[in-house]
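Shown below, as structure tokens, is a lone chain in the form predicted on its own; questions about how it binds or moves come after it.
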Amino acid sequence: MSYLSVEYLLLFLAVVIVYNFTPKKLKPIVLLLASYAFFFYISGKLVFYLLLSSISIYGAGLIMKKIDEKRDKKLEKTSKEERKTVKEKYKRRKKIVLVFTILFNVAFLFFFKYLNFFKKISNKIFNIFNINHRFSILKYAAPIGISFYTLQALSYVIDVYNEKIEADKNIFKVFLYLSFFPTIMEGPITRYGQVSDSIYNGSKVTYHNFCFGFQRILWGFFKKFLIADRLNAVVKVIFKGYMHMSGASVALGAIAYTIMLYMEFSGTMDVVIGSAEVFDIKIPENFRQPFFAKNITDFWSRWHISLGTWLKDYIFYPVSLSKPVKKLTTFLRKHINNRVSSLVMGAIALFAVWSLNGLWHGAGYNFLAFGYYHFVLILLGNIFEPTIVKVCEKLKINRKSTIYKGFQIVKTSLLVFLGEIFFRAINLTTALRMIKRIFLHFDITSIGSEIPNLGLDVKDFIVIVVALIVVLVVSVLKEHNKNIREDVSKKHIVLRWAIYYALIFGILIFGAYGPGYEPVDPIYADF
């Protein structure tokens, strides 16, 4: 079941009604029961693994909290000379708990998502060396959203270990944090410190929150039904029959897929954040106008923000500050210079980040290639940035000018479009063939004859273009810090509801559903 479905909307409204007529103290329990019922509905008995993950982080948090309390009592009676030894002793105990909990949770993720992938790699190696043994490839279903809730679980225990948050004694609060039904399938990947204050408050559903929440939900439906589901037809035709199309049409398919992915995923985030807002629960934004990014680093600070910040905080910084990397960078600083030292440190940490980023999205060579593609682009950007600055100064190019910024946005978007081929293609070989076709068989004149065979008629393309213009206008206003929702809420009630009804009827009348259309599957739910 997709968040962008009438089925979800009806179930959500049922939860809202029950929640609103429940006493304040029991409202969080209603959300918890609804969350586990929702997860059971989409994953069945696999809810057991979510339960195990929740128990593990709750227990680990309390154990580390007790270790901290014992340490603090011990330090009160310890001399200054021995304090460091005592701290290290108790830190080692906490680290044992942390490592065990991380391994416990990652083991489930590895089993469900990566075991078969590494079995296939091993079988290929065995074949190369004529080893008779072969691992059997098993077929089993993974809990939906396991990659999302596992990262949330890890962030909780790591933050408790680092004393950024205090382990919560309320088991229901921790369970709700990990299972909250609007975020369980596709994120955002929240931190406990971000949502702990609002997720268990049991706030009443107010008229303001209800209206604002449904504004956001309707906006997500608009992106999904008017744009994503229509582009799905184009994407399927091109990615399936790319060998019989010109490179220009393949490039069009890459652009169409990237836009479709953004509309589906950001639309889902609109529904998720809007759903939480109805309950007065603040969920962090996961997108910030990514197609206004001026380079790949900037793009990933705007796209799937919660994953990017998770990897930065829990992978990039720990790797860059690890002892081996510190020793290497110190050596390079002494024998070469600070810039090389900094670049090498960043490169090592970035390599770890993008290896995991690629694998997080899927167990396949194409996903690894997707990660390494962005790793190379970011690394090259870091290396050549000083050179670009000097060239612009010599040529007297104003890097703050609208023309230069526009050039950067177009360049970044083209690189993103190309990279998404790795993401969508069924395997790495197909992705490379498609990219080869773009560069070696690019014929812009052939698009006119191929467009009629892409599964959409003129009316569909008109709806897509008009809807994209609406989204673009909204994005431009948001990029200039215009709070559109607040502005709309301040309008006269007649005008305000005219806008709401225009959005509702626009979805009902121009939405892509019924015969001839195939809805986009919830893409990120597979992760």
Partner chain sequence: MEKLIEILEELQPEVDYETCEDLVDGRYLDSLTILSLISEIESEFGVQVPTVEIIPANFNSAKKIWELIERLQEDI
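As the structure is a prediction and not an experimental result, all values here were calculated from the model. Positions refer to the first chain, counted from 1.
Heads up, the form predicted in complex with its partner chain isn't pictured, but that's what we're talking about next.
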{"query": "N366, heavy atom within 4.5 angstroms of its partner chain in the predicted complex", "finding": "no"}
{"query": "4.5 angstroms heavy atom contact with its partner chain in the predicted complex for K74", "finding": "no"}
{"query": "4.5 Å heavy atom contact, M345 and its partner chain in the predicted complex", "finding": "yes"}
{"query": "Interface membership of N338, its partner chain in the predicted complex, 4.5 Å heavy atom rule", "finding": "yes"}
{"query": "Interface segment, criterion being heavy atoms within 4.5 Å of its partner chain in the predicted complex, picked from 314-322, 357-365, 428-436, 124-132", "finding": "314-322"}
{"query": "Of K164, K240, K119, K89, the one that lies within 4.5 Å of its partner chain in the predicted complex (heavy atoms)", "finding": "K164"}
{"query": "Contact residue in the predicted complex, chosen from H441, K411, K282, K326 - any heavy atom within 4.5 Å of its partner chain", "finding": "K326"}
{"query": "Members of 377-402 lying within 4.5 angstroms of its partner chain, judged by heavy atom, in the predicted complex", "finding": "N382"}
